[in-house]
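Single chain ahead, written as structure tokens, the form predicted alone.
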């Protein structure tokens, strides 16, 4: 049963997970949630006693990239997520049952834990012609997400398709694809956009729920602030090069090899909110910009239409004058430094002229 007796710590111990590894996991989740270190004991206590919430993973119009992200997770591993943190009762890619047995597993959880289970949705929802462009077990994705999601404790959308409609919703949007928030009402919905989402953010959202009994604070788009509260540009490891006027002008040039700013090559970091530079990928070792490719803005609504062409610099960034300064910032810095030296020289000359000629060297230095 999903809500079996015993907390997570007991389950982990039975599976040979050491106390040290458990504390490291709690510390990592505290950091991802951007909580002060003093909250770690509270996270530890909550997870030690928490029961595993039933979770249903629904997959619709998508590329399965978020499932791939889940399967490649290592902190925690997918096995820990499924067996220890969550009770994953339905996921078409990883579940053992198939056909009618799979559908029975799904509906058994819906009926037994109405209002208690969590739903993760991957992929957009087609709405044209009654939603017939995505059906599972004879039911449309539209009907399924409204019935199953509408009776959940909360819905977590993973990936940009589920959050906003994503690539299926890009012009001309032949299936009238939309995000979950457009078709399900009255249920808390947490959006984790990105192509794909980072599974650490998914885990952190659930840890926050288990720790505080509430969902994390979100922005106007339903994205948790701990993961989407700052621009990629502000946390980027290449930001210093932007400020210094050092830009990659051509793929493979000297600036590219030295890790200079990719803004002129089309990086959308100045208009994209995500914690990619902080959490990163592959055990925290890298992320797209760190690997030498500009951000494409995939965690923003309608990014496929508004952020493309991906290798052309942003024409305008609301409230951020980066497009006006990128060409001038380097010259501005040079001019500013030259001006500072010139100003210093003028001031020194004025002071020297004002000094009486009979002052000693010590008196002059004291000035």
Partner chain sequence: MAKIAIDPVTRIEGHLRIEAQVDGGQVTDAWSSATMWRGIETILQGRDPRDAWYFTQRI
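Positions refer to the first chain, counted from 1. This is a predicted model, so every value here is computed, not measured.
Below, we turn to the form predicted together with its partner chain, even though it does not appear here.
Using a 4.5 Å cut-off to its partner chain in the predicted bound form, each of 99, 305 and 310 places a heavy atom inside that distance. Comment: its partner chain is not present in this chain, but in the predicted bound form one of 47, 298, 70, 32 has a heavy atom within 4.5 Å of it, namely 298. Residue in contact with its partner chain in the predicted bound form (any heavy atom within 4.5 Å), chosen from 248, 134, 205, 289: 134. Contact annotation: residue 148 falls outside 4.5 Å of its partner chain in the predicted bound form, judged by heavy atom distances.
With a 4.5 Å cutoff on heavy atoms, residue 90 counts as touching its partner chain in the predicted bound form.
In the predicted bound form, residue 103 approaches its partner chain with a heavy atom inside 4.5 Å. Residue contact with its partner chain in the predicted bound form: residue 95 places a heavy atom within 4.5 Å of it. With its partner chain left out of view, the stretch that reaches within 4.5 Å of it through heavy atoms in the predicted bound form is, among 274-282, 148-156, 181-189, 134-142, 134-142. Heavy atoms closer than or equal to 4.5 Å to its partner chain in the predicted bound form belong, across 158-186, to the residues 167, 168, 170, 171, 172, 174, 175, ordered by sequence position.
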